[in-house]
Every structure is written in structure tokens, then in C-alpha cells.
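Given next, in C-alpha cells, is a single chain: the form predicted alone.
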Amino acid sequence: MKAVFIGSGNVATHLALALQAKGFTISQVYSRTTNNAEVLANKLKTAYTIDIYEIDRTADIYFYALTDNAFKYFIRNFDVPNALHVHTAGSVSLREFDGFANKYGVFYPLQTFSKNRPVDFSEIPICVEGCNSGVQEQLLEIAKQISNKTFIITSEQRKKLHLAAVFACNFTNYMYDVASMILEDSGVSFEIIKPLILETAEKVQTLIPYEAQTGPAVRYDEKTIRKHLYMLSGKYTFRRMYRILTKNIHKRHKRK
């Protein structure tokens, strides 16, 4: 199949490379900025444009890897009626295509991507949804070419999945950042806590998160909690987060 990528960010980069490796022809990359478009186009050894009116209109499929607002603007100003149009967003409904495309769907890879960090796409869950059963089956077949983990997920399910992913990934990574800042204040390297992070992630491969919970909050260790809050006296935001998280762990793990 011949594909065009609308967008050149993290998702577009990894997905385009994965599809190209399986024989897809990526005929063009579109981005609003020349540098971003050129970087991805060079990786793919293909053409690029920053002009919506110069986008290749002969592709079989168009992948929209854009921010939510940019996507909504774009589909209102781009018309290739006979092609398949697919977005890759976690929180955008399939119905956003209504009235702007005849064949459309969702192709959502559930993973955190950074441009220069390689990923194994065969292990990444890909969630698809189509405007009809034919499109849905076509997207499922494309997904199976690059991943061993493919799912048909509705827009409502995907919105909840995306929300869960924000908690499990984005917010968790911010907690790593907070831990890094606390360690930095003490002159201790972040390296020392990496085995703990890895073990925490490994545990939930065999235990449900509820069973894997440890720490002073689940033990109702008020003495340690007070010490921690005292240590955070000069850091209001961190102190407030600590209180909120501790309170919620208390509520989730009520004393028997």
C-alpha cells in the first residue's frame, strides 16, 4: 500500500518506519515545519512538504499523527474522497471523520514513543476501529503485519484506555522526575533508584497493582509519613502531592 503521513512527531516516526519495514511505500511526509518534515523524510528516504495543497493525493491511506486540535483543523481542509483516512490519537473519536471522509478509521499504538529511542513494534498493542466492518478488517490486517498484539477497540473504550495510559505512563514518569529532583538535592544519583523502578514494573506483570502496593501509606506508618512531610516542608507542591497520594492509598487499602 502507498501511504502518506500527516505529522512528523514521535508516533509518526516510529509507525512510518515500522510500516516501511514491512513493505509499505511511504510516498510523502507532511509537517507544518520544514525541519521536522525533512528529518522524518530523510529517515524514510522519501519526499516531504509543508504545504497542505502539495500533499500527494494518490495514496491509498493517510495516517494523521497530529495533535487533537491540528487534526480537527486538517480534516476540514483536506479532501481525498477515495482514500482511507486514519488517525492515531488516543482521545479523538472515530466520529470526528463524519462528513469529511468516506472511508476512515483509527490506528492507535498504545506505547510511549521518543524519536531517537528504538521500539519493538511487534510487542506494541495496536487498537483499531473502522467506520464499517470492511475498513475495520483492513486496519486489523495492517496492524497484524507489524504487531503480535492487535485489538478492536471502540472510541469509548479507547478514551478510557488513553486515560489509564496517562496515569500509568505520563504521571508515573513525572513521579520519577520528582524522585530525581529529591535525590539531586541530596547529591545522590538517580541511578541508585533504577533497580527499584524496574522491579516495580516487573511486579505488575504477575500481580495486580492492588496486590503489588507497598510503602508507608499502605502500612499506615504514620510516623514515617510525618517525617516525609516534614522533609517536604519547603516544597509545597510535592508535599501536597504526597498528602493526596497517601490519603488515596489509605482509602484504597483500608485497615482490616
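Note that residue numbering follows the sequence shown and begins at 1. Quick caveat: nothing in here was measured; it's all calculated off a predicted structure.
Only in words, not in the display: the form predicted together with another copy of the chain, which the text now covers.
For the candidate set Asp79, Asp177, Asp98, Glu141, a heavy atom within 4.5 Å of another copy of the chain in the predicted complex is found for exactly one residue, namely Asp177. Using a 4.5 Å heavy atom cutoff, Ile192, Leu232 and Arg252 all lie near another copy of the chain in the predicted complex. Although the partner is absent here, Met241 sits close enough that one of its heavy atoms falls within 4.5 Å of another copy of the chain in the predicted complex. Contact check for Lys103: no non-hydrogen atom falls within 4.5 Å of another copy of the chain in the predicted complex. By the criterion of a heavy atom within 4.5 Å, Ile52 is excluded from the residues contacting another copy of the chain in the predicted complex. Using a 4.5 angstroms threshold between heavy atoms, Lys45 stays clear of another copy of the chain in the predicted complex. Interface residues of 1 to 18, taken as those with a heavy atom within 4.5 Å of another copy of the chain in the predicted complex (partner not displayed), are absent.
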